[in-house]
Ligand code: NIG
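One chain is shown next in structure tokens, namely the form predicted on its own.
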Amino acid sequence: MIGILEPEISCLKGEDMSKVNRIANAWLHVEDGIIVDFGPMTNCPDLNVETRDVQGQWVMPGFVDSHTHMVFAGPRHNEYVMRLKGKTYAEIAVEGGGIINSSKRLQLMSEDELYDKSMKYAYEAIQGGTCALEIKSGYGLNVESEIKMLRVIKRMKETLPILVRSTFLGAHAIPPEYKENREAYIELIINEMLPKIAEESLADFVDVFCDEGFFSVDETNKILQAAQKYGLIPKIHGNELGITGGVQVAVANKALSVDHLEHIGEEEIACLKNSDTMPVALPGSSFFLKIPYTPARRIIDSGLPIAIASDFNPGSSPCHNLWFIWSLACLYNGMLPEEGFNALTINAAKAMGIEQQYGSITRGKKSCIIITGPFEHINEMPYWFSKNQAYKVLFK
């Protein structure tokens, strides 16, 4: 059994990220979906309860995927081929691809169709050990379609056996019809989308793509401050395409997380050190787009925490397999296996604001756990980079 933490630990930072507590030959007592107690078999109490013998297997906390775009109309395989022929992500976007492509397709799809597609992806993720999930809007880009996406996510919250959190990402891109009047679209977000979202309680978080060619620091700040009036907690897409102030605006607005960070300097690291904002790396998008990887080694060595997430979406990371994301983080972000484990569990829970309930084997937390096959060492889990290691995923 691995991933055991004391209740007061909300995340792991710096060199502590390489520490993973383990009990060999252990017992775990769960009641009504809550972890009651655990320990070595030598002191296992005599309980009159249903038991499950997993001798030889490993028990660990379920993964938390703190950044996904799971609700979308369909794949963008044509753009995949365009990249294989040498087109860049930016060039594809200029030609009407990227987020705008997904938006056009989603606007034509019914809520029920979107729900059915998204539930399929969610259950695939659950089979891989995902026990908590954040899902963003952002492919609607008009009032009707953004609300449609958020209603789909709300239905998923109500029907999935795992925890789901919803993020409003209307500021994902500027729609073509507002290209010459960006301010009008921002006003649409603030004056029409946000009130409707609040009225129907459709979102937990608000996100903005603060980066080159998307939303500026001033625009991001304006949207975040408007959203916070409705109780939405900020999260940020930042510094994927360059050092553009995403970290600073995230910290200034007390964002829960700032995600991507493929580009980061000493000023950004210093800013994060003086905050409670969680840096989040998205190695799946770096892998798929062939762009730089977030320098997780540098971030950890500076004494900071870091989380990793799938960024599951149709254009830049069509992968919700967190075992593979863990492998990528070790191979290309410079993380050790233990650091990747903590980045996918307790630190990812912190990036979703659910660290008091998820992310570790701790008395009083939810009993969302993964049972794997036998391993010699935790190092072996990301070593088998193509394999789903979840033999069983339990929620009670």
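We number the residues from 1 along the sequence you see. Please read all numbers here as calculations on a predicted model, not as lab measurements.
What follows is about the form predicted together with N-(iminomethyl)-L-glutamic acid, which we do not show.
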In the predicted complex, the one of N313, T277, N239, T167 near N-(iminomethyl)-L-glutamic acid [non-hydrogen atom within 4.5 angstroms]: N313
In the predicted complex, segment of 339 to 347, 29 to 37, 42 to 50, 62 to 70 with a heavy atom within 4.5 Å of N-(iminomethyl)-L-glutamic acid: 62 to 70
Triplet K117, H320 and K392 all within 4.5 Å of N-(iminomethyl)-L-glutamic acid in the predicted complex via a heavy atom: no
Any non-hydrogen atom of R76 within 4.5 angstroms of N-(iminomethyl)-L-glutamic acid in the predicted complex: yes
In the predicted complex, Y89 touching N-(iminomethyl)-L-glutamic acid (heavy atom, 4.5 Å): yes
is_contact(F209, N-(iminomethyl)-L-glutamic acid) in the predicted complex, heavy atom dist at most 4.5 Å: yes
Partner contact for A125 in the predicted complex: N-(iminomethyl)-L-glutamic acid, 4.5 angstroms, heavy atom: no
Heavy atom contacts to N-(iminomethyl)-L-glutamic acid in the predicted complex at 4.5 Å, residues of 257 to 274 in sequence order: H260
